[in-house]
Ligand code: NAP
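This document starts with one chain, in the form predicted on its own, laid out as structure tokens.
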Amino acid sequence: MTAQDLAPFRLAPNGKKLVTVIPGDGVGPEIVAATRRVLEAAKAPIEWEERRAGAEVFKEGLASGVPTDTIESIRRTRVVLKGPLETPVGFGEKSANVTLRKLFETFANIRPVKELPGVRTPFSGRGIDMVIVRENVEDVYAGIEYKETPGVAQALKLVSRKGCEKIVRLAFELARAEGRRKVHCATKSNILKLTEGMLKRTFEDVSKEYPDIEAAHIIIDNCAHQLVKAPEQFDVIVTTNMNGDIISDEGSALVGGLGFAPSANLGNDVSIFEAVHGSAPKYAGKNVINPTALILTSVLLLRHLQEFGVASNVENAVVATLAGGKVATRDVVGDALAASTSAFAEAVISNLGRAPPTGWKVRQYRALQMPHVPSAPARVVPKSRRTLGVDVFVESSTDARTLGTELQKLVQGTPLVLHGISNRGTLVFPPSDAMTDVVDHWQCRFLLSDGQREVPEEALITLLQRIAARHRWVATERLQEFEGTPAFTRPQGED
């Protein structure tokens, strides 16, 4: 295997580094063009392969929004600079953005949040300089949903040990690459003890391998609170997908908004670089959008290509332009005094080669070591396991007492007993004092009777057949025990 095989990018025959560029929709082509002009002026050694994705592709009838030749280019180059993509209403299927992230397993979303000179916010002068590391493909964003009854919908929150290990290791490696000292892990593990708790436990395990980096856990709602109260305390925050989506937008608001928010979607094989903001179709073709987010995104791209000198040159030019205050876009100074997209790019080009302004914190970057977690499906192999019972979700318009009494009779003669019924997560049978407003979606828990070691498979089938003769069952969940520990939660109200 050659050094080029191990590199996160590929070389063109002329020695330049190959990058697939997707101009995107709405204002995308304008900000991509502005960014490319800056990179060419900075003499970035990039060979571009321009490809399409997004709205126009949807209109041609391709449901994914991503043509085959675009996919082939990305497989070849392994690196993408992308403008914002629109997900049209009324045609097309999935988001082309999500399709690209899923197709190439870009499991980590990197969102730097750094105070910029000349961009006044209520937090100016606080020294904000952090990176939010968001898991990018799991959690509820896996998009697995069901309508279990006509009035009750469910989304599956999938969190894996493998996914947690990849994102946690990346957070620590990023801290090392950027000379950072502390990583916070932000979860909702006080409530979601199995899913969010998976990230917390993985973080605690992996952090032992990074003794040079301080590790701390924080509850996500306190993290959101602290981001507003004292954002300067954070260095790196690693979190699950939905949490990261929310707090990374909060972070960008601290330093000026989405017009200043770069991002990278990193994977072991392919990495995709894009501004966070959308396609803003009402401004398309007007040459008024702030290109700073994508130009700063290109700085992340250059570091990924290990062009650290060019990256610093471009970043310093952006900072000098903003600090000068003479050329600013509409989101900074309003429409009357605003510079155009192209004029701002030209101002950045004119500042190439300048030293960073006084007070700007310069970091020394090194190549990021991507985590290589073994690809085997199972990352956790328990020494023992057994099935203790089953949850059967039943659709019924009856009341809890009637349903419970009937199910107690149905289960007679099997090794199972009805342990309880819950509705919307609260125990309602056996009857309690809970004032629960119920719906037609009942979680009916059956556990082994005393003295039984394992639920026979035929007992589960028999149970479902008996229930199906009287009620519509809509889903089941096997209740398991791993290494003597129950692998399921109890409803509210159960002792």
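Being a predicted model, the structure only gives us computed values, none of them experimental. In case it trips you up, residue 1 is the first one in the sequence shown, and so on.
One more form of this protein should be noted, the form predicted in complex with the named molecule, which is absent from this view; the next part is about it.
Student: Using a 4.5 Å heavy atom cut-off, state whether residue 192 contacts the named molecule in the model of the complex.
Tutor: The answer is no: residue 192 has no heavy atom within 4.5 Å of the named molecule.
Student: Please run the contact check for residue 196 against the named molecule in the model of the complex: heavy atoms, 4.5 angstroms, yes or no?
Tutor: Judged by the heavy-atom cut-off of 4.5 Å, residue 196 is well away from the named molecule in the model of the complex.
Student: Using the partner position in the model of the complex, report whether residue 135 sits within 4.5 Å of the named molecule, counting heavy atoms only.
Tutor: Residue 135: no, not in contact with the named molecule in the model of the complex.
Student: When the contact criterion is heavy atoms within 4.5 Å, does residue 281 count as touching the named molecule in the model of the complex?
Tutor: Yes, contact at 4.5 Å.
Student: Partner absent here, but in the model of the complex, which of 417-425, 76-84, 382-390, 206-214 has residues with a heavy atom within 4.5 Å of the named molecule?
Tutor: Residues of 76-84 come within 4.5 Å of the partner.
Student: Would you say all of 97, 101 and 331 touch the named molecule in the model of the complex, counting a heavy atom within 4.5 Å as a touch?
Tutor: Yes, each of 97, 101 and 331 comes within 4.5 Å of the named molecule in the model of the complex.
Student: Which residue among 169, 277, 184, 304 has a heavy atom within 4.5 angstroms of the named molecule in the model of the complex?
Tutor: Filtering the options by heavy-atom distance leaves 277.
Student: Please tell me which of 163, 244, 259, 251 lies within 4.5 Å of the named molecule in the model of the complex, judged by heavy atoms.
Tutor: For this set of options, the contacting one is 259.
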